[in-house]
Each structure stands twice: as structure tokens, then as C-alpha cells.
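Below you will find one chain, with nothing else, as C-alpha cells; this is the form predicted alone, and questions on how it binds or moves follow later.
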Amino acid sequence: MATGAGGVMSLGFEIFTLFPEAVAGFLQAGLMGKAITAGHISVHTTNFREFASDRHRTVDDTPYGGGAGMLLKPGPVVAALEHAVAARGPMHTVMLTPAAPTFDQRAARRLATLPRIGILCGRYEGFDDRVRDCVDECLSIGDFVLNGGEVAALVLVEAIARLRQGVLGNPESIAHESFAETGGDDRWLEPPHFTRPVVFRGLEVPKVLQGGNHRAIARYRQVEAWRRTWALRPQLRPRLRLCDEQPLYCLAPGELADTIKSHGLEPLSGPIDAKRVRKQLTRRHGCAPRWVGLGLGGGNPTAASVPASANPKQVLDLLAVTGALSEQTPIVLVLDQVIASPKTDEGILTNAAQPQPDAHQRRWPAPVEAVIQMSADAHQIPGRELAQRSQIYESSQPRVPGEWIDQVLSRVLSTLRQP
């Protein structure tokens, strides 16, 4: 096995193709060219035609059973593979074909651990299917068809090679890009990035990125990665769920204690000191609690710093991407005060870090990190009951809609516990 600059073991690629010149130009440019020059990677191309057995160097033929197009014959392909192994040693072989699992970042990380990789580039209608029995795996780069596999092979080479030591100038960039795994199955798209000028055609760089608060910047990027992944590629999100033993609390008026207990939650009745509760729960469970607002009705405004969501799974993911979330992490559900109290500005949490500018925004105190906004329709609450909410707020005696809360808790908890 070859050794590159600095004693780092190099990664060898063998590309099998009918058009070696199609890959040569790309491999000479940019970081790939520099990595080859430095010896971090090596790329050798082999032409199938060199192993054809007839004088016309024929590598294709018509398919049995009829049909359009031509197929690459198995003889020249397998002979080319065997020649490369004899000349330069064993390798992990990959046949490129649309009829295969999709190549992704996880596959790139797996293949980057190997010393040598052979990539077979198809042409025409592809390979005789018996070639599958002569390779280690088959991969596709997506749900579309190309004229040949050379472009797809270059996709694999670059995606794999850039994960090897020495190929990228700043290896830290790998840890914070799209599809990067952060110690588990987490896969998030990158957050938006900005550079100078501050204002471009009326669009300004977010204020938080212009300041020097690194903690605020880190949270902004975490939240935006969560937001962008859910909006564009929700299938990438980790399949999180609350375990049955998850410590769960609910901060609500005392009248709801029985309802809360019936769902396996421990009630906390206000007013309480958020800092004191945090210390108590941290000592009890070994980790700090996470605070989640629980709202009913899509019209509830929240503070700009509190991301709102209509999906409990989104909020669970947000907790995971912005901090530690284990089976021992206590979660405190904070009931929407507009539902549980006659006054919109009444609070059951004291010790808020910063007072909000108006009563509506004081509804979610400082500890609340995210809000589950459940629509009334989702719980089949009659419109006439919602119309009475203004009367409830103005009532001289608090009227807690226990049946609403029972439905909300049932729906939210069942969703959070599903995989």
C-alpha cells in the first residue's frame, strides 16, 4: 500500500471505463489534483476494450430476449478486474447501476476506510447482470439515468477522497457540513451561511451572525439546520422517540393535577422558581431539564427567540440538535397560560431572565426552548367552545378546560413515544 505525504496511507482508486479520457481532466484540477500530486490518493484507469478477445475489440452485444440497446459483455469486464488485482493488489469493487442502493454520505464514510476501491462505469444499457456476482457491491448516485458511469464514478471518488486525511485544507469543515454525523445517527443539512457585504439587494445578514456572541451563533446555526432539514429533507432526520421511562413533568395550575398524573406526568403547580426547579431536577436525574411549551390553537404568538411548531416530533428533534437529550433528561411541559388561566399575562414561572415587551410574549417564559402548537382541529374541539375562550379569560374565577388538556396530552405524548 502506498504512503502519501506525512506518512499518511494513501487511498487508491481503480476506475474501469470505456472512456478513460472522460475522467482524466477532472482529476487534474482543484483539490483532487493537489491530493494526487501530494500522494494522498491515487487513481488508475483501465479500458474495458483492452481485454476484448476479438480483433474488433468488441465489448458489447445485444440482450437475450430482445429489447433496445446493447449490454457490456461480462468477459472483458471481469478480465479487466482480474488484471488490476494481479497488477496492483486486491480492492473493494463497486458496480455503478441505477438498480442499486443509493450512494450517500454514510456509504462515503464507510468506503473511505478502505485502502483500494474499484469502480465499474457502465455504458449503453449497462452490464450483463452476471457481473454483479463478480463485484463486492452495487451503488447508484440517484434516481435518474446517465449515458455512462464516468460522471457517477467521479462523484464517488470526490465524496470518498475528501474524507481522507490531507485531502482537504481544513478538515474541520467536514464536521459541520450537510449530512455530517455528530456522534450518532444525526444527519442535518447545513444552516445558511453569509459573507460580505452585510446588505445585498436589500437582504441583510442575520443580526446574530454580525455579533460576537458565540453561544447565540451556535444556537442560531443549530436551529436553522433543524429548520432547513425539516423543510427540505425531513427523511434525513434521526428517528427519535421518548422512552416510556423518560422523566416527564407538566407545569400547570393545581386544578389539573389529576389529569396530568393520569398521563404519567408529575405535576408542578405555579408560581415556581425556574432556577430552583432546574437545580432540583438536575440533582434528581443527573442532567438539566428541557422546557417545552404546550399550546392549543395555531394563533398563539410566541417570542421571536422561541421556535414554534405544529409537530411534536419537530420539537423533539429541536431539543436534540440544540443540546443533550438522553433517556434520563427530564422534560418539563409548560402549559399555555392563555388556555389555563383567565389572564393572558398571568405567569406561573418566576425568575424569567428578561421581561418580554408585551403580555403575549410573556406567555412563554425564558426557560421555554420550543413550543408544540397543537391545532384545535387536531383535537376535534368545537368552534363554539373556542369562541367562549374570551369569556373564560375575563371570568372572575379561573376555568381550566381540563378536557382540552386531556386530549392535548394524550395526542402529544403518543406522538412523542412513536419511533
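Nothing here was measured: the structure is a model prediction, and the numbers come from that model. For every residue, the number given is its place in the sequence shown, counted from 1.
Beyond what is shown, the protein has a form predicted in complex with a small molecule; the following relates to that form.
**Q** Looking at heavy atoms inside 4.5 Å, which stretch does the small molecule contact in the predicted complex, given the options 105-113, 137-145, 207-215, 192-200?
**A** Among the listed stretches, the partner-contacting one is 137-145.
**Q** Counting only non-hydrogen atoms and a 4.5 angstroms cut-off, does residue 152 reach the small molecule in the predicted complex?
**A** It does: once the small molecule is placed as it appears in the predicted complex, residue 152 has a heavy atom within 4.5 Å of it.
**Q** If we define contact as a non-hydrogen atom of the residue within 4.5 angstroms of the partner, is residue 246 a contact of the small molecule in the predicted complex?
**A** Judged by the heavy-atom cut-off of 4.5 Å, residue 246 is well away from the small molecule in the predicted complex.
**Q** Hey, in the predicted complex, is residue 315 touching the small molecule, heavy atoms inside 4.5 Å?
**A** No.
**Q** Hey, in the predicted complex, is residue 96 touching the small molecule, heavy atoms inside 4.5 Å?
**A** Yes, residue 96 is a contact residue.
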